[in-house]
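Take a look at this one chain, the form predicted on its own, written out in C-alpha cells.
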Amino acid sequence: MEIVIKNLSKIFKGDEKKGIDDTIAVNNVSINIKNNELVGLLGPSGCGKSTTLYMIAGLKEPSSGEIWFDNEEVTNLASEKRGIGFVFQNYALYPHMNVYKNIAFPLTNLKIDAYKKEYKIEMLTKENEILSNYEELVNIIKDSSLNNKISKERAIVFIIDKYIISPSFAKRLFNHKLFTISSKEELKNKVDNIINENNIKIKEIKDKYLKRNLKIDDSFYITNLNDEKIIQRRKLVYDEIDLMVREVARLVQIEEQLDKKPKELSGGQQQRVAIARALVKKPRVLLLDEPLSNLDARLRIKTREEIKRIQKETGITTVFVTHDQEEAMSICDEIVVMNNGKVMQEGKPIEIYKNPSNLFVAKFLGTPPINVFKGIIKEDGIYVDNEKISSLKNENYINKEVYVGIRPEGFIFVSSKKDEDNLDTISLRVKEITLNGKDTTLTLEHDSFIGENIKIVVDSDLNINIDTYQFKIKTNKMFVFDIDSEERIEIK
C-alpha cells in the first residue's frame, strides 16, 4: 500500500475572545510513503508528526489537503473504513481481558465481505490429509506426554502448533484416540474407515449444492455453475478468529502468553500484544505513535528490532512516529524530519545524515550532535575566528558570515602547535576526556562555537591531555549554512 499525502494542513482554532491565536500544527505537508516500507516521522515534541499520523488514521480531520491510499482518496473516509491498524503510545489494552481476548477483540463484531466458503468440506479434506500420515499425528500426541501421561489439553496445543488449525479441529483429531491403538493393522483400518466416512460426507455436501446449481471449487469456495464465486457480508466465525489470533501471536512471539492478563506481562510483552491487536485484522497500513517511549533503554532496542522484523515479515506499509533519532535511523527504510509543522527533509536515514539540507536537520540527527561554529567565507576559503579551516568556498558568499557544522567524527588530530606544516586547522581547547573503548570522546571549547560544549570523537590511542590542540577537518563531514535562512550552502 502506497500512501501519498498532498499539501496536508491542520489548524486548531483559537479563541478570539480569550486572545488565543490559531495553532498551525501541520503546515502544507506533502509526503510519499512507498509500498511495504517502514517510514519514520521524526522530530521534536510539537513538530506535527503525531497530528500527521492521526490524520492518516482518520482520527483527526485535515483543515486542507489530500490523503491517498494507492489510487483511493481517503481524506474524508471514516477511520474504520480505511483498513488501518493503530498502536497507541500507552498500548490501550483492556486490563480485565487476557491476551487472547485483547487480540481477538477487534474481530468480534467485524463484518467482512468475503467469498462464501464450505468450511465443513475444507475441514474434512484437511483431516484426510493429516490422517494419511497418521503415524506423525500419533507421535505428536505421544511427544506431548509428561511423566508418561498424555494430557488432552497439552496434546491439543501440540497439534495446533504443528498443523496451524483451530482448537475444535485439534480436539476432533485427538478424540479419534489413535494413540491408544497398538496394532498397526487395527490402526490402519480405523484411519481408512475415518477417511472413507469423510469422503462420503464430502460427496453428500457437494450433491446438496449441485441441487441448488452450486458447486465447490478446489479452494473450497462456493461458486455458481459458471465458476463465479459468491460474495456474502458476514461476521467471522469462532474458528476463523482463533486461527487469526494464534497466527499473529506466533508472529509477535507471544503465543505462550495468551492466557495471561496484561498486568502479568512486561512492558515489552504488552507492546507486542498491542501490535498483535493492530495486525490481527490484516490492515492495509500499520501506524505506530511513539510505541517505545514507555520502555527502558535496553528493552527499547530489543523491541524496535522486533518491530522491524514483524514489518519485514508481513510486508505491511508502516508509519512510525518518534522523537528519538537513533531509534528512527536504526529501523526505518526512510525518515521524514519535521519541525514547526513542516517537512524539513525526507529520505533514507544515512543519506540525510550525510547530506542534511538545512541546519535544523544537521543538528537533529547524530549522537553526539553536530558542532556548529560561526564562520566566514573569504576568497581563499572558510575561516572560523581568523583561522582558515578549509580551502573550500562558495563564490556567492565571499565575505559573508555563515554557520559551519562539523560532525563529531570529522576532526583529525594534528598537533599541539599551529605552524607552517599545519595549515587549514582549527585550534580547540580540551576540557574533558572520556574513554569509550576504541574511541575517545573529547569535550572542548572555542570562542566561535554556538552552544555549550564541542564534542568530537578521536582514536583512543592518541596521547591527548587538557590542553589546546590543532585539528584538521574532514571535508565530507563539514557543512556550511546560510546564517539567515539556515539552508545548506554548497561549497567546493
Ligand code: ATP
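What you see is a predicted model, and the numbers here were worked out from it, not measured in a lab. One-based numbering along the sequence shown.
There is another form of this protein, the form predicted in complex with the ligand, and it is not shown here; the text below is about that form.
Q: Heavy atoms, 4.5 Å, the ligand in the model of the complex: which of 45 to 53, 446 to 454, 462 to 470, 28 to 36 makes the cut? Say which one.
A: Heavy atoms within 4.5 Å of the ligand in the model of the complex occur in 45 to 53.
Q: Report the residue, out of Glu327, Glu118, Asp242, Glu290, that has at least one non-hydrogen atom within 4.5 angstroms of the ligand in the model of the complex.
A: Of the listed residues, the single hit is Glu290.
Q: Although the ligand is absent from this view, report whether Thr23 comes within 4.5 Å of it in the model of the complex, heavy atoms only.
A: It does: once the ligand is placed as it appears in the model of the complex, Thr23 has a heavy atom within 4.5 Å of it.
Q: Since only the chain is shown here, I'm wondering whether Arg429 would be in contact with the ligand in the model of the complex (any heavy atom pair within 4.5 Å).
A: Residue-level check for Arg429: no, no contact with the ligand.
Q: Judged by heavy atom distances of 4.5 Å or less, which residues of 54 to 70 approach the ligand in the model of the complex?
A: Sequence-ordered list has one entry, Lys60.
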